[in-house]
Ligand code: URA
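Here you get one chain, nothing else, as structure tokens; it is the form predicted alone.
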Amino acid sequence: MSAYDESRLTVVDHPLVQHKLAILRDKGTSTKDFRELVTELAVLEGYEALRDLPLEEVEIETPLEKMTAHKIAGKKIAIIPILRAGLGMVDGILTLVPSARVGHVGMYRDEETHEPVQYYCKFPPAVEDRTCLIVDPMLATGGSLTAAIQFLREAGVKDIRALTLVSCPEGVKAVLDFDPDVRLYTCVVDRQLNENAYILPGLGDAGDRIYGTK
């Protein structure tokens, strides 16, 4: 497989991420623990994805004296989960940015073609002025993620960052080749897809494991 643009890919491989990911992958992990781990990993990944938010100086007064401090410079954030599994990452990002707006893109994968089929799409007001974080635990073929990117570009969004937990080379290449400006964050790039377009070694179906619907 030909190379992709690694300058727009960030693999968040902190030891805590690797530890939590190992438990997440384990087939014996309960639905409750799986759901909590997805939230925790979203927090750690969101921290990296928002590292370059601009700051502005503000004057504050501590209990001892006045000082110049720094706050985020009015940056507007939108979280766009791809339904349904992407919902599992939303609370983690909201822990970091409680004021963020949340939109939704609903798609399911056609089991024959493995292509995404859209059934719902709703974005927050003034989405074109926001930094949009698309969240979805798994990046397999890249079909759903590229579709969501296209919807946001058509809505005028300029700053799009995609956050996934487990990716594969095929999906990473598909997303980065599809859009020359999107930035992709993941916790790991696994070996490959199998014949049914599931990631190997992966962790199974994230939606089923988050919601206990296997």
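The structure displayed is predicted, hence computed values, not measured ones. One rule holds for the numbers: they count along the sequence shown, beginning at 1.
Another form, the form predicted in complex with the named molecule, is not on view; read the next lines as being about it.
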Notebook entry, point to check: Of the listed stretches (124-132, 93-101, 69-77, 138-146), which one has a non-hydrogen atom within 4.5 Å of the named molecule in the model of the complex?
Noted result: 138-146
Check: Heavy atoms within 4.5 Å of the named molecule in the model of the complex: does residue 205 have any?
Finding: yes
Next item on the list: Answer for residue 24 alone: is it within 4.5 Å of the named molecule in the model of the complex, judged on heavy atom distances?
Entry: no
Margin query: Can you work out whether residue 12 and the named molecule are in contact in the model of the complex, taking contact to mean some heavy atom pair no more than 4.5 Å apart?
Written below: no
Next item on the list: Please run the contact check for residue 197 against the named molecule in the model of the complex: heavy atoms, 4.5 angstroms, yes or no?
Entry: yes
